[in-house]
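Taking the form predicted on its own, here's one chain by itself in structure tokens.
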Amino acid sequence: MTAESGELLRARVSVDYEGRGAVLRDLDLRVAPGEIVGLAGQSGSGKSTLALALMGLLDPRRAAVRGAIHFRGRDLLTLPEREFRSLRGKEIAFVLQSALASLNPAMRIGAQLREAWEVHRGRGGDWKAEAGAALEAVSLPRDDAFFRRFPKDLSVGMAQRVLIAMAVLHRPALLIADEPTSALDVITQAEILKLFRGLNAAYGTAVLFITHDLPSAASLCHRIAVLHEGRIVETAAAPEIFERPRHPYTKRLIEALPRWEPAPA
């Protein structure tokens, strides 16, 4: 399998965990440059396994990845780890769902942003200006007082924004967001979704938005792929998924969504 023209990412993979068997089965996923694609499915369907496989973060002693993952024409599964590290965080960025757990509690926010800069750019360049621009892009302060804060000084929503700022620091071509709104209240969720739309528009960054929340995916994504038992069973434009679902599992997901009804008088 090779990447087709116009595709940023083309993954066709299977993943087996030791003692568990197949978690992903001939999964086929495509993301175009600048596209926002939602990957929706219930817990245990393999969403996070795919995210870790795309980032090259699955433990090879416990998980066997087969197939190919083409990114900008290169098969990531054949890259030596040293070459993969040069892409990870720079051309492909990753945002986890547990923001406060992902930040180092012993390091100030500025130090963590500087570390994220230097791992790919070295000690040269004006890291603080670039970090400040990234913070500003996610609607956070860029002053010295904020740089001196520790993660414990932040709300969960602010911590999530810091993670996103770190992820877009190098203007990646692809941002993989794994359940980035699951720990947030509904207002903060809406703010984060708006933030992803803004970053996509400003930088042209493609986004793979991994979620169990179909309404969130529909409000953000150009296309939605539905994952069930390790396979993508349906992919369509976001409105079509809701208006004309084809696969029985997609229909069950939509039927399970809560519907508002007025309270009895």
Partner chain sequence: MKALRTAAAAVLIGVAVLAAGADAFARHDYAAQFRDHANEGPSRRFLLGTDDVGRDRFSRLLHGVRVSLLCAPAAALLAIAIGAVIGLAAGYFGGWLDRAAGIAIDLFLSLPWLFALLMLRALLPLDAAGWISIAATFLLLAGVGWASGARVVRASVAGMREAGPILHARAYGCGTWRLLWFHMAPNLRPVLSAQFWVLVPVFLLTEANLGVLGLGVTEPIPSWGNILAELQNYHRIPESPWILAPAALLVLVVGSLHFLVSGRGAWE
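Predicted model only: the values in this text are computed from it and were never measured. Residue numbers count along the first chain shown, from 1.
Another form, the form predicted in complex with its partner chain, is not on view; read the next lines as being about it.
> Using a 4.5 Å cut on heavy atoms, which of Leu154, Ala116, Ala131, Leu76 is close to its partner chain in the predicted bound form?
Replying inline: Contact with its partner chain in the predicted bound form is made by Ala116 alone.
> From the list Ala173, Ile192, Leu103, Leu184, which entry has a heavy atom within 4.5 Å of its partner chain in the predicted bound form?
Replying inline: It is Leu103.
> So in the predicted bound form, does Leu163 come within 4.5 Å of its partner chain, heavy atom to heavy atom?
Replying inline: So Leu163 counts as contacting its partner chain.
> Just to confirm, Leu57 within 4.5 Å of its partner chain in the predicted bound form by heavy atoms?
Replying inline: The answer is yes: Leu57 has a heavy atom within 4.5 Å of its partner chain.
> Given that the partner is absent here, does Phe94 sit within 4.5 Å of its partner chain in the predicted bound form, heavy atoms only?
Replying inline: Residue-level check for Phe94: yes, a contact with its partner chain.
>> Residue-level question: is Gly110 within 4.5 Å of its partner chain in the predicted bound form, judged on heavy atoms?
In response: Gly110: no contact with its partner chain in the predicted bound form.
>> Please pick out the stretch from 184-192, 68-76, 81-89, 141-149 that is in contact with its partner chain in the predicted bound form, where contact means heavy atoms within 4.5 Å.
In response: Residues of 81-89 come within 4.5 Å of the partner.
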